[in-house]
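Just one chain follows, in the form predicted alone, and it is written as structure tokens.
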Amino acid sequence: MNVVIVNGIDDISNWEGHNQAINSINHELNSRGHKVDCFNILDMNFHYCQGCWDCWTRTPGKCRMKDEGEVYLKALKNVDCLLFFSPVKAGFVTAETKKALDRFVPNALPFINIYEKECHHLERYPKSGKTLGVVLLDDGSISNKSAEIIYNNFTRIQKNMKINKSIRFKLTPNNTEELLNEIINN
């Protein structure tokens, strides 16, 4: 299984235990024979989407930003399980996580079709059997309302990406094995 982990931690000093848990999951998946690409957005030269749409018009499928986002986009082409790990800030995922979500645009085509009675963009690199996960880093302060809003948003993202399986999880430094089992068995 090809797994992409997007680590959206924006301040390692506040999330050290969770960061170790993410690294542990990455290591364990690798040791079980899965191919894992882990992107720690905070540590990367990774720019925000500019909304220029060059990836649809001038350079189809390629972002005009010359940064490490190019490696990220290549990893998404054959992904089986895409996991976004993020603390909750102001009731939503971090800016680092959102940055990675927005940079997905080149992997969609500018053309629209009807999908489940709604208008959606066609996929540039169609692949069936994908899983999209959002893993909220839980320090005990995530309200149920915030989690619900984030999970609902990811349900829409999942539909836009035409991904048929999902993982919704609150990660503490103590429940990594439970998440690992969900990833492998999903």
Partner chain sequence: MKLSIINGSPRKRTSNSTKILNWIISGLDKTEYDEIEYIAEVKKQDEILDKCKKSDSLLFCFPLYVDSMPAQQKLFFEKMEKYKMDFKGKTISFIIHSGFPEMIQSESLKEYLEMFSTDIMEMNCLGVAIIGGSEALQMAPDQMFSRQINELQSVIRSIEDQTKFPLDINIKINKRDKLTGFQRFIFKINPLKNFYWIYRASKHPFKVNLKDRPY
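In this text, all values refer to a predicted model and were calculated from it rather than measured experimentally. Positions refer to the first chain, counted from 1.
We do not show the form predicted together with its partner chain, though everything after this point is about it.
Though the partner is left out of this view, N40 does not reach within 4.5 Å of its partner chain in the predicted complex, counting heavy atoms only.
Residue contact with its partner chain in the predicted complex: N160 places a heavy atom within 4.5 Å of it. Contact check for R124: a heavy atom falls within 4.5 Å of its partner chain in the predicted complex.
Contact check for K145: a non-hydrogen atom falls within 4.5 Å of its partner chain in the predicted complex. Looking at its partner chain in the predicted complex, residues G140, K170 and N181 place no heavy atom within 4.5 Å of it. For the partner-free chain shown, T57, R58, P60, G61, K62, E70, L73, K74, K77 of 57-77 come within 4.5 angstroms of its partner chain in the predicted complex, judged by any non-hydrogen atom.
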